[in-house]
Ligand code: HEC
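Here we start with a single chain on its own, the form predicted on its own, put down as structure tokens.
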Amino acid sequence: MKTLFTLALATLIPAMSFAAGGGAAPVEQDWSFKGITPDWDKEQLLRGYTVATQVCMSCHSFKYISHRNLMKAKFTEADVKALAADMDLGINDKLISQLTAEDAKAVYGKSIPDLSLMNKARGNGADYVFALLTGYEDGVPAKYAHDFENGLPDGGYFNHAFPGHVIAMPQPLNDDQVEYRDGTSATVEQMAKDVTYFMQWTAEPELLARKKLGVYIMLYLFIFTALAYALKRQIWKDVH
């Protein structure tokens, strides 16, 4: 019981901290990587990769990911070689932004976070990242005017999902910012959902294998428990 209580508390504390921070609770989205039978949608991963490499990487890196890793998500070697070649990279090269740490500090006053594990580092994971990317608004909404009587602070942007509602990062996505290979319309919401999906994969490329293994382990434990119970019944059947 102590263990269960500790696990429950560990789950609740991040959620409580998030709510206390003043950000609007993100709406739960329908993701193909959720549930007991998760899957990676190759087309959505490719769209997310497009946004990540053409928009996000102008500032952020994915230093734990190379094109070769995509071969774990339905991409063939020919696929990843073509994608890497488009970026003048080898398939084993990490996805590193051209913006150096020194330049980032000179421009933004601080280093820029790597995005490889960002979905795992934030409470509510993919739902929060999607809410953040779609949560920008020009100026301060009327319902929050009393919190910002002097307007937004210099260098700050209003965001519904961000704790405190003021974020230093300007809105990164705009309609038709990229051109999708499959012809999907590149709206802000579509790009946000796709790049969030890609970031979930970079954070947990082993997700499908881990969940599949979990199903096998639960099946094994169920069978083992049934056999142990049957053995117990057999051993004690003559004891009254």
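Please read these numbers as outputs of a predicted model, since none were measured by experiment. Position 1 is the first residue in the sequence shown; the rest follow in order. Definition used throughout: the rigid core is the maximal C-alpha set that superposes within 1.5 Å between two forms.
Another form exists, predicted in complex with this ligand; not displayed. Remarks below refer to it.
Trainee: Using a 4.5 Å heavy atom cut-off, which residue among 76, 111, 92, 98 comes into contact with this ligand in the predicted complex?
Mentor: For this set of options, the contacting one is 111.
Trainee: Within 4.5 Å of this ligand in the predicted complex, heavy atoms considered, which of 81, 160, 72, 122?
Mentor: In short, 122.
Trainee: May I ask you to state whether residue 60 is within 4.5 Å of this ligand in the predicted complex, using heavy atom distances?
Mentor: Close contact exists here: in the predicted complex, residue 60 approaches this ligand to within 4.5 Å, heavy atoms only.
Trainee: Counting only non-hydrogen atoms and a 4.5 angstroms cut-off, does residue 167 reach this ligand in the predicted complex?
Mentor: Yes - in the predicted complex, heavy atoms of residue 167 and this ligand come within 4.5 Å of each other.
Trainee: Contact with this ligand in the predicted complex for residue 172, defined as at least one heavy atom pair within 4.5 Å: yes or no?
Mentor: Output for residue 172 is yes: heavy atoms within 4.5 Å of this ligand.
Trainee: Could you tell me if residue 133 has a non-hydrogen atom within 4.5 Å of this ligand in the predicted complex?
Mentor: It does: once this ligand is placed as it appears in the predicted complex, residue 133 has a heavy atom within 4.5 Å of it.
Trainee: Given a 4.5 Å cut-off on heavy atoms, tell me which of 49-57, 25-33, 179-187, 63-71 is the interface stretch with this ligand in the predicted complex.
Mentor: So the stretch in question is 49-57.
Trainee: Would you say all of 115, 118 and 128 touch this ligand in the predicted complex, counting a heavy atom within 4.5 Å as a touch?
Mentor: Yes: 115, 118 and 128 each sit within 4.5 Å of this ligand in the predicted complex.
Trainee: Taking this ligand as it sits in the predicted complex, which residues of 174-200 have a non-hydrogen atom within 4.5 Å of it? Please list them.
Mentor: 195, 199, in sequence order.
Trainee: Does the distance between the two CA positions of residue 144 reach 2 Å or more between the shown form and the other one, the core being superposed?
Mentor: Residue 144 C-alpha, core-superposed: shift of less than 2 Å.
Trainee: Does residue 170 move its CA by 2 angstroms or more between the shown form and the other one when the core is aligned?
Mentor: No; residue 170 is a residue whose C-alpha shifts by less than 2 Å between the shown form and the other one when the cores are overlaid.
Trainee: Cα of residue 111 displaced 2 Å or more between the shown form and the other one, core superposed?
Mentor: For residue 111, whose C-alpha is compared between the shown form and the other one after core superposition, the shift is 2 Å or more.
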